[in-house]
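Let's start with one chain on its own, the form predicted on its own, as structure tokens.
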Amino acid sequence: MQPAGLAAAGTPRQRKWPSKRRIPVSQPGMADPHQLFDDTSSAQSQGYGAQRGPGSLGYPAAAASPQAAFLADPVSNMAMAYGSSLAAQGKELVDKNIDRFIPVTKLKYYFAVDTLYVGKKLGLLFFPYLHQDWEVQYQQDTPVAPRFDINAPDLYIPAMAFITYVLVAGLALGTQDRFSPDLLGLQASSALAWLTLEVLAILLGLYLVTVNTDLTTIDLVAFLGYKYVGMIGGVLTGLLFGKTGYHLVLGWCCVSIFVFMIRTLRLKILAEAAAEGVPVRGARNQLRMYLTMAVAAAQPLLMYWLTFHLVR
């Protein structure tokens, strides 16, 4: 045995540390029995691949937005480019088909009018006997716009005349205590139905007679729509002066539209004979003349049929 003093002087005193207990590492999928809720923060960070950046105070760095990731993908860029080209091709195809059945670009020509043209055209419809030159002017194989040529067909006057005719019909029915929305709608639909039948009948006649003409469907709608101007005048005069005024004004307008249609359509349907300056001869030319006369004669009949019941 060594002396107590020697042991104290020669051997350093050992410091007693608290005993360390090894804590078993929890296996994946095994939770601490003393823990009330599962800790999923580590799993989320591993699943999303979040990284701790410097100066972030322990929070994971912000990830890129899904939109930026989608746009950065070359496959998505190719898909977007293909979609854009496909949409452009679809738009071009739709525009081509619409222009095939409804020539929207040509409609601008028929509405190229001004106030001076409208005034002269209305005067021509009421007094066609004073007009001499009925030829349509052309510029580089293209007809001149209506505002520069009074003989050119337009759709502005027929469209406005049709709307005004429906309003005047409603006014006439209202003064007779017979107005109703159904009756007004029947009046408008009846006028449109007769106009459609006229166009179809003329197209069928031109096909059967085999006429080579530059007369288009829109031209027919324009020429046939001019009769609404005389119908408006007849109904308004009938409302002011009764049956007598109606018959007088409508009779004048019927004769005027007959002369207007004869002098206008003969240059379209009888183009060959009119260009040569020879009288109409041959069976084919006679059929063309009969077709022109039938179209012109149908206008007064329809004018009376669509207005006689509005004046009492």
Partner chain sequence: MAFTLYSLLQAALLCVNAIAVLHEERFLKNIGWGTDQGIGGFGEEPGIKSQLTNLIRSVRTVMRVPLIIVNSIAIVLLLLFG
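Everything numeric in this text was worked out from a predicted model, so none of it was measured. Numbering follows the first chain given and starts at 1.
There is another form of this protein, the form predicted together with the partner chain, and it is not shown here; the text below is about that form.
> Would residue 312 count as touching the partner chain in the predicted complex under a 4.5 Å heavy atom rule?
Replying inline: No, residue 312 is distant from the partner.
>> With the partner left out here, check for me: in the predicted complex, does some heavy atom of residue 263 sit within 4.5 Å of the partner chain?
In response: Because no heavy atom of residue 263 falls inside 4.5 Å of the partner chain in the predicted complex, the answer is no.
> Would residue 207 count as a contact of the partner chain in the predicted complex, using a 4.5 angstroms cut-off between non-hydrogen atoms?
Replying inline: The answer is yes: residue 207 has a heavy atom within 4.5 Å of the partner chain.
> Is the gap between residue 196 and the partner chain in the predicted complex 4.5 Å or less for some heavy atom pair?
Replying inline: Within the cut-off, so yes.
>> Is it true that 161, 167 and 270, all three, sit within 4.5 Å of the partner chain in the predicted complex, judged by heavy atoms?
In response: The answer is no; none of 161, 167 and 270 reaches the partner chain.
> So which of 136 to 144, 84 to 92, 150 to 158, 181 to 189 is the stretch with heavy atoms within 4.5 Å of the partner chain in the predicted complex?
Replying inline: The contacting stretch here is 181 to 189.
> Using a 4.5 Å cut-off on heavy atoms, what residues in 226 to 243 are near the partner chain in the predicted complex?
Replying inline: Heavy-atom contacts to the partner chain in the predicted complex: nothing from 226 to 243.
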